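Starting off, we have a lone chain in the form predicted alone, written out as structure tokens.
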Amino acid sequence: MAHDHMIEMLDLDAEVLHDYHSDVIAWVGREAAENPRIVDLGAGSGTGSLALARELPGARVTAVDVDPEMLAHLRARAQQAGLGDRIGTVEADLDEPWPAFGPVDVVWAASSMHHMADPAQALASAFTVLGPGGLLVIAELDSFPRFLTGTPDEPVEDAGHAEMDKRRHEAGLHMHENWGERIRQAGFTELTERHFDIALPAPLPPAAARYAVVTLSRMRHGLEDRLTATDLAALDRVVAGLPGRDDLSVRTDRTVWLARR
């Protein structure tokens, strides 16, 4: 069930934050080679691969992930969207030596670089697989989505986020890297950075409200063994009361870097 919720959360992120994702994809389309060959690192449920193939009609995408269930979901979505002939999948652990991808024009890494055990090595691998003039795209979360800003339950959500931040830090995730500097150190040039401050006001449409339910339910699951009984009860109360609320909003920050090989 937790795995299903992860897939649903990723798919809802693409749907709810459609304007952000479309803006980034259009930007990549303006900068990439014609009919680009794209590798999507840590493709997850396939939101990036599908959007790239859909918005860049000549693109061919190789979606890479370590999770076979994610890749199966991605392939099914690609077939359903009529994009199965332009999206291929590769199961691989990107912390190990990378597979031979062939000629690559774009390396796309959306919310995946912070999972790499060695970001410097991952960027070196990206530099190696790209051809001259190839494009590196890194999109990362500056803050995870918040839904209860300005409501009486905001402190409960804040406490959950604070504990999740500690858990990510203990797990060794690279959440607050200076990606611009790391990209330069890897040898890339023509670096451009854009920040996106996303705020969707209440009341939310049904998909966004469902996004809140799935996201905060995953938070509750992830903090099962970390919060006190009192804090867990407060979070349970909030999650149970989410459906039907008309005061939920969406606030998150993303940063995107584009650079040349």
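Keep in mind that this is a model prediction, so the values were computed, not measured. Note that residue numbering follows the sequence shown and begins at 1.
What follows is about the form predicted in complex with a small molecule, which we do not show.
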Quiz item: For the spot marked by Ala43, Leu94 and Ser112, is every residue within 4.5 Å of the small molecule in the predicted complex through some heavy atom?
Solution: yes
Quiz item: Taking the small molecule in the predicted complex as the reference, which of Ala186, Leu83, Val156, Met116 has a non-hydrogen atom within 4.5 Å?
Solution: Met116
Quiz item: Which listed residue (Ile38, Ala212, Met70, Ala32) meets the criterion of a heavy atom within 4.5 Å of the small molecule in the predicted complex?
Solution: Met70
Quiz prompt | in the predicted complex, Ala26 touching the small molecule (heavy atom, 4.5 Å) | solution = no
Quiz item: Does Val66 reach the small molecule in the predicted complex if we count a contact as any heavy atom within 4.5 Å?
Solution: yes
Self-check item: Distance check, Val256 to the small molecule in the predicted complex, heavy atom within 4.5 Å
Solution: no
Quiz item: Heavy atom to heavy atom, is Val239 within 4.5 Å of the small molecule in the predicted complex?
Solution: no
Exercise. Sort through 125-133, 186-194, 94-102, 146-154 and report the only stretch with a non-hydrogen atom within 4.5 Å of the small molecule in the predicted complex.
Key: 94-102
